[in-house]
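In structure tokens, one chain follows: the form predicted alone.
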């Protein structure tokens, strides 16, 4: 049994590295094999990766959709994580969960956990202001 996807009119998604934009009508289709999929709500552009946690999310997104360049994406991730932990050591547990997902090749799960890191970062910034 495949994965059923329903796209809204004009909704974008990435399937296996290809960016797809739906036409003017709602569309249903079935993904019958295993391939990286990101819906529009989960896609972060490089222009919107404006905070340290969002940059970490973007690096994981690259790992997920661009396996051909994994060593470069991993290097970027570990550098960003080091800088993040230097600034916010209280995020250690969150970073460990994300890193464990990455080390086990669970990039989609790492993205989900990184959304929690982004929320935590926003919480920290709100407390400081």
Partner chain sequence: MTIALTSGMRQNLTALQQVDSLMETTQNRLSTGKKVNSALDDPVNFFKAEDHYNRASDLEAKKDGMSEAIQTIEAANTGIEEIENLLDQMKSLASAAKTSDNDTDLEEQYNKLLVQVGEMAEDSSYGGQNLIQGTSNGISVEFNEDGTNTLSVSGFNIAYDSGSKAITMTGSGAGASAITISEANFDSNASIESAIGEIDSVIGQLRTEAQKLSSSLSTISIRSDFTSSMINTLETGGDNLTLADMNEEGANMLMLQTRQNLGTTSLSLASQAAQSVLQLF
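Residue numbers count along the first chain shown, from 1. Computed from a predicted structure; not experimentally measured.
One more form of this protein, predicted in complex with the partner chain, exists but is not displayed; see below.
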**Proximity of residue 19 to the partner chain in the predicted complex, heavy atoms at 4.5 Å** = yes
**Request:** Indicate whether the partner chain has at least one heavy atom within 4.5 Å of a heavy atom of residue 88 in the predicted complex.
**Result:** yes
**Message:** I'd like to know if residue 37 sits close to the partner chain in the predicted complex, meaning any non-hydrogen atom pair within 4.5 angstroms.
**Reply:** no
**Message:** Whether residue 82 contacts the partner chain in the predicted complex should be assessed with a 4.5 Å heavy atom distance threshold; does it?
**Reply:** yes
**Message:** Contact check in the predicted complex: 4, 106 and 119 versus the partner chain, with a cutoff of 4.5 Å between any heavy atoms. Do all three pass?
**Reply:** no
**Request:** Scan 114-129 and note down the residues that get a heavy atom within 4.5 Å of the partner chain in the predicted complex; none is a fine answer too.
**Result:** 120, 121, 123, 124, 125, 127, 128, 129
